[in-house]
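Let's start with one chain on its own, the form predicted on its own, as structure tokens.
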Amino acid sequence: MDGFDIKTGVILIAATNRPDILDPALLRPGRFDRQIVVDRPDLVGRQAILKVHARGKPLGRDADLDVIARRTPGFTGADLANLINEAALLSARRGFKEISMAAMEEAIDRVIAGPERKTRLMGEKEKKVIAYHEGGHTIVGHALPHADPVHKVSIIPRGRALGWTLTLPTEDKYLVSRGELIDQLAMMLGGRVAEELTIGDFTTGASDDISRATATARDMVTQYGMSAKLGPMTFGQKESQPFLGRDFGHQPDYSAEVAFEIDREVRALVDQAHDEALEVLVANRAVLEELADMLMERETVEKEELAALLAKVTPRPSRKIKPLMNGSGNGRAPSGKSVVGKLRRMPTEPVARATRKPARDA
């Protein structure tokens, strides 16, 4: 990179999917001066990308690319290209000369969750458990005000999943509020809670839900500053050595006492989500049974059929999020009072605080 001083008109361009692991020497002034972030496309971008990949392909009269763009928030350009190719393959396999809207819809499912695995045979008992599990996700997600709308629910295995519930946001989102994350936690645990409520036992089917819920709750506490006890602080170092091992030489930047409080706050968030999901499903137990029976009969329930059934679900009121308090228990200083003067009067010795009662065990 230092050998172009005697030449002109040379521009060096590079691309990476992991800017977090680049050597800082590459990014210092005089080398890669301009950094361009290529984010996921928005609605207008998805419409343009779909038109490019659909060029030269026979689309049916009912195939509306604008509708497909609205139903694919979060899709990358590669996902959209894969979607068009999958729809073309599905149409060709079925002997159609045009790509229909139904083929596009099924291609979305294949891109999101993978192809159907109809060769996997399950007994009626397991199918019933999966129907309750997916019904729990669906009802809890519909009842909570900040969860994304449920688009489709199925108990047909796709990819590694035995069943799946498809939720699609109504618009592109770039920020997520604390209330939305709490509702997401409750929806993730809705399947596990439905198993508790209906069969009186747990299965391994909720392992991925529990893993994602735990990771989300931990990020809320350690990365997003959404803990009422620990306040708006970040805990832990994001730097890693992916080529030497994920945790190679990793040292936490907080004490053992803070680690204990982090675990308690994560546990409190998960327990709160579990209890809220349980309240929703207990209040809508009849709808859960009806949805499970419908899934056992049809295996897949589309949005239109879901809308009529979910109209019976009792919605939860919007949650009022209290302002977060800092570690000393004090909120913001009243206007007109000097924060600096208040800090100067603070004692230098540590202040003893009462220990909160630990969260309940599972």
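Note that residue numbering follows the sequence shown and begins at 1. Being a predicted model, the structure only gives us computed values, none of them experimental.
What comes next is about the form predicted together with a small molecule, which is not displayed.
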270, 107, 162, 230: which sits within 4.5 Å of the small molecule in the predicted bound form by any heavy atom?
-> 162
Name the single residue among 94, 125, 97, 120 that comes within 4.5 Å of the small molecule in the predicted bound form, judging by heavy atoms.
-> 120
Non-hydrogen atom contact residue 77 with the small molecule in the predicted bound form at 4.5 angstroms = no
Contact between residue 206 and the small molecule in the predicted bound form at 4.5 Å, heavy atoms?
-> yes
Proximity of residue 134 to the small molecule in the predicted bound form, heavy atoms at 4.5 Å = yes
Does residue 196 reach the small molecule in the predicted bound form, with heavy atoms at most 4.5 Å apart?
-> no
Thinking of the small molecule in the predicted bound form, which stretch from 162-170, 284-292, 176-184, 67-75 has heavy atoms inside 4.5 Å of it?
-> 162-170
